[in-house]
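We give structure tokens for two forms of one protein chain below, kept apart as structure 1 and structure 2.
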Structure 1
């Protein structure tokens, strides 16, 4: 037998072996089946790029309907509103503000409207040292008390920044504190953690006395 005939015979033998293996896997005489595990879809809450809340500052910045944020639609100008307090010195919300939960800080030490709002101009905020800020520029107000977190926010460690990390490559946007935290009750409730990574490996199903078990198929 010459070399050409030997090569043809070897190729024929290999073809027959592969056909036999294909038939074995299709007919599955051993009773075992292999299937890929169905990977459940991730909750859209973990992929949603929207912020945790829509702040008044965002409504104003995007030129939305901010009529509900007009303090002087109800309050008189040049007349600071009077606050009412419980015996424990916590603020009693007026009926118009019953949707607000006062829970900024522990021990009710910061539950005073005028710690942040300017009592002489309700359209402005004020820091502890008397600096006045617009609602859309509230981050320095938060930073006047939360210095370490504010510094982390400035460098992009805390909070959410989207756009180009390389600043000269294109625009970027850094969300302010109130885009995620309710300024009146900023503590986050516990969140369900995102699912861990999936191995994406198939699973072999084995039949044993009428019971099926699954084992990783490497």
Structure 2
């Protein structure tokens, strides 16, 4: 064999080798390759923009069941309900008001119904300094005891404001306190945090075990 033939033979052998390798990679006869983990969709509960609760105003606006707000369907006009207290100073709740769990502040500090409701006209709220407010207009009531939070809320630091930043470009909406806090038990329960953003990096998963080899950011 002369030199030129030797080179051609070596080149031919190399080409065959690479073709074989390419075939091996494409067909993957070993079968234990990696596959990309599917990016799970975010639970829609985390993208729901509704507030934590429905205020009395929102119940009326959406034509929900507002019968609980109709105090004088059950109470008599000139007979203010009498409060009874347990030994620990918590209010004894009537069976008709079992949907209310009173727990405002630690140590039952603000559990007296008439700290907020007006005993002589149940349909109204009353502040400590004697202002009367409609049930659906409760933010100033909260503000009468929570001054600093109310001040923050008024300028949009506390709570939630949505709509236009630029006020003359369009309307904005500020959620009232009771859209988030239950006035009777205003403390927030611990919430399940929403997942962080998915990194979109493909994550290697062992085909057989299903365990990922790196921790995916789900």
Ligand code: HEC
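Numbering follows the first chain given and starts at 1. No experiment lies behind these values; they were computed from the predicted model shown. Each form is matched to the other, and the largest set of C-alpha atoms that superpose within 1.5 Å is called the rigid core.
Working note: structure 2 is the copy from the form predicted together with this ligand; the remaining copy is not. Core-superposed comparison between structure 1 and structure 2: CA of residue 45 displaced by 2 Å or more. After superposing the rigid core, the C-alpha of residue 61 moves by 2 Å or more between structure 1 and structure 2. Core-based alignment between structure 1 and structure 2 gives a C-alpha movement of 2.6 Å at residue 194.
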